[in-house]
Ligand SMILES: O=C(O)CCC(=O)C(=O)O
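Have a look below at one chain only, the form predicted on its own, in structure tokens format.
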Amino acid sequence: MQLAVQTETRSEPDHVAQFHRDGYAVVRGLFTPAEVAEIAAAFDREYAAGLAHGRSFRHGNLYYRLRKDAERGPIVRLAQWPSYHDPVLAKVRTDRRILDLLQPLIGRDLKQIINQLHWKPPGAKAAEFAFHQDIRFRRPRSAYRNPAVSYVQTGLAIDPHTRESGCMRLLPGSHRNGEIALPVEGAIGDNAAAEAALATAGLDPTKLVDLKLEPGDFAMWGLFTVHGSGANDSKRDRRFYLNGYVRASDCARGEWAFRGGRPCALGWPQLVTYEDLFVRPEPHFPPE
């Protein structure tokens, strides 16, 4: 199935033209070194908090996913919705600079579906993401309308992202092919980014590009853009702050981020992806 994706025009900003053409875009140095250092400190606090639980832990929408790594022992793979309690991270999710980039793509009335911290500790082998499209995770489908043109996933680099550190790898133009049956058994985060899986799905792995980022660089990609990332074989962390936004009129769930261009603070948790939010909101250790 070929998707109808908006084409670029001369009046479009550079990042908009790249997003429409390639399915992703990068804005360099959106956040300053001082700001990145403050966010990095918040990452460190959240990593310590997650590790202290000893295993995956949930409290409402807040969720820490832990995994055992053969080289390092328990590691924190990700934290979902830490912005409910961390003011530094909460400030980033509604930063005006982000809205300025998103508005020409999806407007100024935006809900948020993703608020995640991703870690790849140095030397950790259990920290890969198989090649996938984010549309895979948007459930139930009835809650997400016009997904090809209403949703933008974003990522802020906290550390250098290189092939050695396990940077994201994307397939430019793959967003035009609709949903692709990529062969993955089990969870995306528990599988390697195998190029053979792309070939099996009829995609050309030689077209992959490395999303090389420096701290403060800001990346955007769509729900149908094929991407994945390998292990961190470097000697330093590879951290990524992900925030996913959707045009409010095209989504039946999520937390408000901007109304009429004005930032919205988080209040009582709303239904996002945790289906049992109103059944089991209390702190607990979910089954692995």
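Residue numbers run from 1 along the displayed sequence. Just so we're clear, the structure is a prediction, and the values are computed from it rather than from any experiment.
Below, we refer to the form predicted together with the named molecule, which is not included among the displayed structures.
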Revision key, fill the gap. Picking from Val152, Met168, Leu198, Leu110, the single residue whose non-hydrogen atoms come within 4.5 angstroms of the named molecule in the predicted bound form is Met168
Point to revise | Candidate from Phe31, Tyr64, Tyr245, Phe240 lying within 4.5 Å of the named molecule in the predicted bound form - any heavy atom | key: Phe240
**Study point:** is_contact(Phe129, the named molecule) in the predicted bound form, heavy atom dist at most 4.5 Å
**Key:** yes
Review point. Could you tell me if Asn232 has a non-hydrogen atom within 4.5 Å of the named molecule in the predicted bound form?
Key: no
Review point. Is there a heavy atom of Arg176 no more than 4.5 Å from a heavy atom of the named molecule in the predicted bound form?
Key: no
Check your understanding: So in the predicted bound form, does any heavy atom of Arg93 sit within 4.5 Å of the named molecule?
Key -> no
Check your understanding: Which among 66-74, 49-57, 254-262, 224-232 is in contact with the named molecule in the predicted bound form, heavy atoms within 4.5 angstroms?
Key -> 224-232
Practice item. Using the arrangement in the predicted bound form, list in sequence order the residues of 96-121 with any heavy atom within 4.5 angstroms of the named molecule. Key: His118, Lys120
